[in-house]
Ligand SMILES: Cc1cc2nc3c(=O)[nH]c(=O)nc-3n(C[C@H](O)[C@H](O)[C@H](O)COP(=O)(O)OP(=O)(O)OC[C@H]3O[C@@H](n4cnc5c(N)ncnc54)[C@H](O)[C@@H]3O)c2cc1C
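Shown below, as structure tokens, is a lone chain in the form predicted on its own; questions about how it binds or moves come after it.
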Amino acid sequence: MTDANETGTLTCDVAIVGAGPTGMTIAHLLGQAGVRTILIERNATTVTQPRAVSIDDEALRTMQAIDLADEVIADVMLDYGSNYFTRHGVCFAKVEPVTREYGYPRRNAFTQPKLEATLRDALARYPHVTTLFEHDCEVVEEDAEGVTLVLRADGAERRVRAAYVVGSDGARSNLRRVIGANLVGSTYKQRWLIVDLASTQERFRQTRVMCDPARPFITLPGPGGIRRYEFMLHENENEEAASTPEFARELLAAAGPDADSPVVRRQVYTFHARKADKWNSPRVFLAGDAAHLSPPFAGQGMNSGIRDAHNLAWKLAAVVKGRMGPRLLDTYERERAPHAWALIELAMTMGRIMMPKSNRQAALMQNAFRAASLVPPVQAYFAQMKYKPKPYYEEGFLAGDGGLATAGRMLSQPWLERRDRSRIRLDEAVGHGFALVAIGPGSQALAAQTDVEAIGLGPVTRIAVVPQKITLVPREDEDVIAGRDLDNLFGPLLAKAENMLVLLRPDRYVAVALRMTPAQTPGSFVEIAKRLVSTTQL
């Protein structure tokens, strides 16, 4: 439980300001790790109106990591794509990915109020996580030993003392101002009208993207028969007029069959493509919209915040628990900022496709997509969303790649078939901490021979994955979880090395990868991992 000192100040290891999806995900991950956490939110409850509507495979994998995948997926419409249409209603491009590299469909629809309610209710699992709703954070004072927060609730002042603070307090982040960070980037001059419907008459299951210079719009399906429309506004259409029921009905009537469908929300938005020029002070860290703002065209705004959460939370837990030194926290921005910006750039590119400035520009672009569809590799590049930046860190807490191009990447999540023919997902075998993953025909022996305790990370789960067509060896290594790669997701890795060892981080990224050769042994792997851990010490 959270403690209070003699002055009545609440004390904790980590305080989180902002209880949106990013903040609550961090709270769950810290709660799992046994970190004393206080989650602070100025509103009385989580959001009740629709906001983000797309959750991807990486974010669902994080929901799996906090043991909430089933609960979240119960309110999700899994596996939909996007079809792009000309102004005449002719489809010129389809994006309908079928791969499940990380264990889940790449595109899925959800409702943010239901997701947030699920995250909020499940926090009750952790006795050492305290939630303070209706508490406004007014003052943040950082010193060499920690951070003092002055909160106000019902007119009364309350103080919190934390070793570290996370600012997941949204686009207008006060914590961003506290650490002296500024947003850099651009704001779209176009304004968009968002119309959320409680039910729909539209039966097209995919997202429909109308790339019409006269009025670009998007219509997205949602779980339970709901639907969202997003219409670009013209310069002469003022926000007050565009927010009226009559204006929305007119646009809906022109777009399809939903003119009379019940409207839940109408909202005019201006979109941003910006990120903070610094993500942290020594003890205060930004995450989610506080650190970066993305246009919605790639559906990655909230998903990038979930990536921040998984990256930052395990590092805070490792430092607070004394398993690694505070320099580990220096890798947070170095890893996350480039990837977050790559996805913002993707969203801007997709926006240019959706919003051609003239009929001529639209025709040129759409003809180029038609021509590309005639070349199978190019067609697959778009249809399977291979253009989406891979979850990959070029620098940070990673080492020992040896030409495998694996360290710093998120590891695939295959189904594993065990000796008794039962099946288990890789992450279910990994658990919540670090894991040694041996891959290849000799993986069972390699996993058993590797002295993971010597790395100095505490308990490390040992997993052996043999290729799809290899039979498991009947070994009696009780501390090695062995399985066959049913999906052959590790096939591309084994094309580069017959056997390899991987140190998998809690966020499912590869910290160390090493090809096994006569010169590179399990002992070599352990030494590389030990050196990496030592770099986190002051």
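Note that the structure is predicted; figures quoted are calculated from it, not measured. Quick note: we count residues from 1 along the sequence shown, nothing fancier.
Just so you know, the form predicted together with the named molecule exists too; it's not on screen, but the next bit is about it.
Segments offered: 477-485, 44-52, 64-72, 499-507. Contacting the named molecule in the predicted bound form at heavy atom distances within 4.5 Å is 44-52. For G301, a non-hydrogen atom is located within 4.5 Å of the named molecule in the predicted bound form, even though that partner is not displayed. Shown alone here, E239 lies farther than 4.5 Å from the named molecule in the predicted bound form, counting heavy atoms only. Although the partner is absent here, Y188 is not a contact residue: none of its heavy atoms lies within 4.5 angstroms of the named molecule in the predicted bound form.
In the predicted bound form, the named molecule stays beyond 4.5 Å of every heavy atom belonging to Y381. Contact with the named molecule in the predicted bound form holds for all three of G18, H135 and P296, each having a heavy atom within 4.5 Å.
Checked against the named molecule in the predicted bound form, the candidates P105, P216, G170, P391 yield a single residue with a heavy atom inside 4.5 Å, and that residue is G170. Note on the partner interface in the predicted bound form: the residue among A255, L197, A93, I194 having a heavy atom within 4.5 angstroms of the named molecule is I194.
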